[in-house]
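As structure tokens, one chain now follows by itself in the form predicted on its own.
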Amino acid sequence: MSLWFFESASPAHKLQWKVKREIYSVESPFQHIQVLETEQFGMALILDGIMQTTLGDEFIYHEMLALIPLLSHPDPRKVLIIGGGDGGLSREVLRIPEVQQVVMVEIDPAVVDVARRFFPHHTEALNDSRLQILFEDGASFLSRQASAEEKFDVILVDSTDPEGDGPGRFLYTPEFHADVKRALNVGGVYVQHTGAPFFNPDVVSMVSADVGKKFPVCQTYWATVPTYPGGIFTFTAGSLGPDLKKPLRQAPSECQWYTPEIHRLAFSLPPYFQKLIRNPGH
């Protein structure tokens, strides 16, 4: 008998993956964590019943979230990652030679433990001397950091979706975005994912509207990620200066998805996307 993993993208749409076996399952203090071996994309990490990352296509999401802002910033020395416990984002960030310090704030130590055990490709940079890992709530950390002297050049939010009662819901609020802005250096840049536009249109609209009010530059871009609902995924950026549409340096070697052409084209939005973005200055 075939095994299948089901995920609800919306009340009217479900996704399913054929599964070879369940590798691991645990209930942490924050969420239910599963590791499945899928037939199509290999190892997969699931949090609270939502597919987060697979070995087969993770490079698309992580390269686009990391390289678009880091290659558009003139001098990205200090980077803050909120979430990112699977390690894939920090791996891509630490491929940038200009980066001197990365602080990763992950609420759930169990996610990092599971990733180290079952996703070695994701976590290959977690022992890099430039990386500091803190286990605490990202919103609370950023609230304190907003009034601290230490600021960051780039802030990347790699969280679970804002729906439900999961730990990611506070990372999409106006209060959080205000703290992000205060925690950035002059000319700083922030990016967070804003979900699948066909199934989470309210997230794209909500974040672009709030970020557009708070930042002088608000830009939305997209990528195709087969694992995520509809295969299309969006990212929203707030910038205190740099234009994220313009890469300033070459990408690291051996990228599997990112190219300078894809960087520029990612900001070419279909009219359907443009209607979702509540930011007249986009």
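The numbering used is simple: start at 1 and walk along the sequence shown. Since the model is a prediction, treat every value here as computed from it, not as a measurement.
One more form of this protein, predicted in complex with a small molecule, exists but is not displayed; see below.
Heavy atoms within 4.5 Å of the small molecule in the model of the complex: which stretch among 204 to 212, 144 to 152, 83 to 91, 68 to 76?
Every other range fails; the passing one is 83 to 91.
Verify the contact flag for residue 138: yes if a non-hydrogen atom of it lies within 4.5 Å of a non-hydrogen atom of the small molecule in the model of the complex, no if not.
Residue 138 belongs to the contact set for the small molecule.
Taking heavy atoms only, is residue 179 within 4.5 angstroms of the small molecule in the model of the complex?
No - in the model of the complex, heavy atoms of residue 179 and the small molecule never come within 4.5 Å of each other.
Would you classify residue 61 as touching the small molecule in the model of the complex, given a 4.5 Å non-hydrogen atom cut-off?
Yes, residue 61 sits close enough to the small molecule in the model of the complex that at least one of its heavy atoms falls within 4.5 Å.
Does at least one non-hydrogen atom of residue 183 fall within 4.5 angstroms of the small molecule in the model of the complex?
It does not: once the small molecule is placed as it appears in the model of the complex, residue 183 has no heavy atom within 4.5 Å of it.
By the heavy atom within 4.5 Å rule, which residue out of 96, 102, 196, 105 makes contact with the small molecule in the model of the complex?
Only one option qualifies, and that one is 105.
If you check 38, 239, 227, 31 against the small molecule in the model of the complex, which one has a heavy atom within 4.5 Å?
Contact check passes for 31.
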